[in-house]
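Take a look at this single chain in structure tokens; it is the form predicted on its own.
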Amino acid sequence: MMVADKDSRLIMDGSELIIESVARAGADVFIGYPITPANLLYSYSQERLPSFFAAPDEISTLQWMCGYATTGKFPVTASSFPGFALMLESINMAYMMELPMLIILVQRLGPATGTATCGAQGDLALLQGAISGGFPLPVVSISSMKDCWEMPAKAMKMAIDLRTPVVLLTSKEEIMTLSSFSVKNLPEIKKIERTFYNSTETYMPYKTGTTLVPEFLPVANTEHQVRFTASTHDQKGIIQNTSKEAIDNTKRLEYKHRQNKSEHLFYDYDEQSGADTLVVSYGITSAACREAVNAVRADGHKVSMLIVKTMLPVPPVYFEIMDKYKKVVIAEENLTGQFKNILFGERGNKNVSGVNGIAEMITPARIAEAILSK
């Protein structure tokens, strides 16, 4: 794992940085079932996290994570599409119960089992509709080796602050490729200190205040009764059908994410004065975008760049940035332009184009060509 000497360059992959990040941020346990290309995350976590449990399958993985989360522990897992698909019912359960956890989704080529050793950016549309009813599942993405260090801890804090599962979106190339990387200027990651309900008044597990996020109390406490309920329920956690209190509580799951979005907003915006074109990307394609933008600028052309890290729910500031430009190019390694469609729908926007493809990473040359096209 990472050495203490911060003046040296290390040969490492993104998986190592991600696991070190969640370990320092205070993750208690990794629970998972091995699947390519998330295997390194599974392997490193055995060495670094306080506890590790090898589940017999992905359904059990999320059920165990829910159990651990109710005790006040913070669980982490990692998978790719086939495993994540099996987790969906339990992710919805954790969402309704409001259990903090981190799910690292390592994208690979699909559909179905696809090609386990070929990367992609094909799961964003799935994540957009992962929660029944269209409720927002928080998704953040990494776009560099530095992000492999910073974003996992930030995703953990989001999960704890909002009492929700959070997905950290990445891809095969980002976490399995060995790179020469300097750790000299990496910021310190401190353990996230969790606070629990501390009052003599009767605990109501889904009663909220101004943040719309209920205070957490583990089932292991000896002072209060605690209920975690996955069915429609009132503030006490009592199952109800369609009472006003229960439906208002369900609506709150949508509202709490929208209300607190500014506290968990992460993106890089490289604005060039006088530019009419903006290139937008995320994840593995961000590296190609950075190279393309540098090349285009070196040739005397002006272009701005937006690298998205908070993916879902979509922050309004992205539209504010894009509205400044006559031309927007969105680059992502999938065939249908999933992020572009989430932003602008099937009809699209006449000023917005995409650079897309599958089974091979998008090159800087293709992005540069799209930037310069009329």
Partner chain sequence: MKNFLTDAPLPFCKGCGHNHIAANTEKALQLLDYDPMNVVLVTDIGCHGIIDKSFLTHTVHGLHGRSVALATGVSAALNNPDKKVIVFIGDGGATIGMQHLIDAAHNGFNMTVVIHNNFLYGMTGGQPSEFTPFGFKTPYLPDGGKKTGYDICKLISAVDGVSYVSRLEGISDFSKELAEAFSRKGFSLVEVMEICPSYGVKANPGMKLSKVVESAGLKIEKFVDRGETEAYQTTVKTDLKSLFHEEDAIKTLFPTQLEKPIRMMLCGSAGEGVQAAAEFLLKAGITSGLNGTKKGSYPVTVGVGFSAAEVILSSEEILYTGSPNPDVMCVTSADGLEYARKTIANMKGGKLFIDSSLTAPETKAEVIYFPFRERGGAKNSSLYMIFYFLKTTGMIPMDALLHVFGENKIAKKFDLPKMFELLNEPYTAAMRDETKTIA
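Owing to the predicted nature of the structure, the values given are computational and were not obtained by experimental measurement. Residue numbers count along the first chain shown, from 1.
The next section is about a form of this same protein that is not shown, the form predicted in complex with its partner chain.
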Is it the case that Gln272, Thr277 and Ile321 all touch its partner chain in the predicted bound form, with a non-hydrogen atom of each within 4.5 angstroms?
-> no
Of these, Val139, Ile160, Ile131, Met176, which has a heavy atom no more than 4.5 Å from its partner chain in the predicted bound form?
-> Met176
So which of Leu49, Val317, Ile342, Leu335 reaches within 4.5 angstroms of its partner chain in the predicted bound form, heavy atom to heavy atom?
-> Leu49
Counting only heavy atoms and a 4.5 Å cutoff, which of 308-316, 62-70, 324-332, 345-353 contacts its partner chain in the predicted bound form?
-> 62-70
Distance check, Tyr42 to its partner chain in the predicted bound form, heavy atom within 4.5 Å = no
Should Thr210 be counted as a contact of its partner chain in the predicted bound form, where contact means heavy atoms within 4.5 Å?
-> no
Closest heavy atom of Val303 to its partner chain in the predicted bound form, within 4.5 Å or not?
-> no
Answer for Ala288 alone: is it within 4.5 Å of its partner chain in the predicted bound form, judged on heavy atom distances?
-> yes
Any residue of 156-170 with a heavy atom within 4.5 Å of its partner chain in the predicted bound form counts; write them all down in order.
-> none
